[in-house]
Each structure stands twice: as C-alpha cells, then as structure tokens.
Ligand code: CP
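Presented below, as structure tokens, is a lone chain in the form predicted on its own.
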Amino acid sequence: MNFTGAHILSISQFQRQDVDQIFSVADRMEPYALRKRVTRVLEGAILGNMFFEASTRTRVSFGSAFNLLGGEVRETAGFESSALVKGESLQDTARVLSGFSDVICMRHPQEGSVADFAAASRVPVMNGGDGANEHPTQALLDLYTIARELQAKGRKIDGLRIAMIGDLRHGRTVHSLSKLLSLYDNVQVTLVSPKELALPDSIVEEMRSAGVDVSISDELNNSIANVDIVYSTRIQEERFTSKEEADLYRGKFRLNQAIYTQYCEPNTVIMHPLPRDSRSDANELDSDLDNNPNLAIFRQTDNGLLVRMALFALVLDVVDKVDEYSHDVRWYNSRQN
C-alpha cells in the first residue's frame, strides 16, 4: 500500500509486505523511543487524539509516539467533553477537527464509527479501536512483539503456534490479530473460550480460508501445552448488557505460575493486550507470573511506541528525514543505566 496520507482503519488493508515495511521502520525508531537520540522531524505538526471510550495505554502511546517525533498533541477524552454531547455528528466533528490537526487518532464505542469519521476527515485517521470491531495498531504491536520474541529464539512468525484465550467474541484485539496472522504460513491457532464468547465465525472462516490451522476449545490446560505464545484477554465487561452477565465468565481461564509450569513448554511467551483484570474474581494473569522472564506484556507496551512511531512516520512521509532532524539527548537518561 501507499502509506503517505493513508487512513489506518483495518488490518484488511495490509499485505504481508506492508507489515514488513512497518516493522522495518519500527526497528529504526528504537534509538528515539529509548531516548538515545531526539528527533524533531514532526516539529509543528499536530496530532488530534480523540478518545470517546476509556483508554490509558493506547491514548498515551499514540501521544507519546507523536511527541517523540517532535509533534504536538491535542486531546479530547470522553463524550462529555466534546460537541458530540450537544448532538454534533461525527461527520461535522471530522470536518472541523481535521482543520486543526495533521493526523487524528480516534477511539469510539460504535463499530464502523472511525471509518465513518475518516470518510469526512481532511487528514489521515488512525483507528484506536471501534467498539468490538478492530484495533489494528494493537494487532501490529502484538505481531511485532511476537516477531521479536521468536527472533530471540531463532524463529520466525511462519510456523507460529499460538493460543488465544478469553473473551474472543468481543475482544477487538483478537479480531485484528487473527486477521493479521492469516498473512503468514503454517500458523496454528487454538481458540480457548466459553462457547458464548467464541471468536465470530466469519473471522474463523477467514483464517481457515487463508490456510491457518484453527482449533477450538473451552478447556485451558491442554490448550496451552504445545504453543509458542499464550495470548490472554480480559472479559470485555463494557460490551455486556450488565455486570452480572459479564460475571458469569469472569475468572474462567486464569493462568498462574503453577499452571504455566505444569502445562506450558519452558519458553512459552505470555502476552496480553492490557489492561489485565487483576481483581480477585478475574485475575486472568496472576501476579505470581510477574517475575517470569517469558511474561512479555510490558515489552508489548514498549513495542507499541515503536510501531505507532513507525505508522506516523510512514503516513506523514518522513521516514527518510527522521535522522536528519535528530540530535543527542541532553538530559539524564535512566534507560541507559
């Protein structure tokens, strides 16, 4: 694809070579993400961060990625702080705010809403999550993490064995990652969830049509016995009609160190898109895993910065100018100690 000026809305718009290009640029962003160098390549550019649904990592990650490239960030968080609460349409909001911004990142609880917004925007729009539909940048950072974790073991994504666990029906991160994995060869995916929270049939069929070996289970222990990656997700309480309904499934697939030791291969990588629900009735990833070197959840968030920096550099066409507008760091950098 031609990234310059493009919207980033869905995994479906990428071919495998596009993903390779994003990852190659992400690798080049590492000195800036680690504050070994500073670049001002986007000096004067403005990111409009529009989050109409709760977010910590995605919102701050997008903003930090833009800042690290030298740009400035303006934020809207929640309906109550926007003109949408007064009845303004997404289309009118898009026309107005795209006049104030050079690129916009948006999260919205309604499926397809970000694409509708992008259709009226005069600048590139990136999807930070639209309801239970997709979360393309999360899927990209997840796959980038998988690639780096496997690379450390002398492996590639082709031939990957992964178990995806939890609320697969509502988990937009799993929806996007499943589509992304369909671009690779000899991938084996085990889907582990209650039947009521199974991955939508359309996505399962899309994976199988692409040659992915998909198996389905509602039992955790044996499903994680022969995989490279355990990818856990939380129960998406905000997608249920009531907390009581969500509580029916909460805590069904808990992973702790004892289960990991008994059933997982010694180097199985543990991933989660975060936030992990650490409440006692959920606790999908126990805190006793925190000292497990194969717990990659915080490496994921670090990698998200690299991937989002890469997307900004590609969409705003500055990849080849990043180093030109760089200089040494002038402050104490704890990351180098």
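The model shown is predicted, which means the values in this text are computed figures rather than measured ones. We number the residues from 1 along the sequence you see.
As for the form predicted in complex with this ligand, it is not shown, yet the points below apply to it.
*Asks:* Answer for H135 alone: is it within 4.5 Å of this ligand in the predicted bound form, judged on heavy atom distances?
*Replies:* Yes, H135 is a contact residue.
*Asks:* Is the gap between T39 and this ligand in the predicted bound form 4.5 Å or less for some heavy atom pair?
*Replies:* Looking in the predicted bound form, residue contacts with this ligand do not include T39, since no heavy atom lies within 4.5 Å.
*Asks:* Would you classify T56 as touching this ligand in the predicted bound form, given a 4.5 Å non-hydrogen atom cut-off?
*Replies:* Result yes; T56 sits at the interface with this ligand in the predicted bound form.
*Asks:* For G48, is any heavy atom within 4.5 Å of this ligand in the predicted bound form, or not?
*Replies:* No, no contact at 4.5 Å.
*Asks:* Sort through 149 to 157, 198 to 206, 68 to 76, 135 to 143 and report the only stretch with a non-hydrogen atom within 4.5 Å of this ligand in the predicted bound form.
*Replies:* Partner-contacting stretch among the options: 135 to 143.
*Asks:* Just give me the residues of 102 to 132, first to last, that have a heavy atom within 4.5 Å of this ligand in the predicted bound form.
*Replies:* Read in sequence order, the lone residue that approaches this ligand (within 4.5 Å, in the predicted bound form) is R107.
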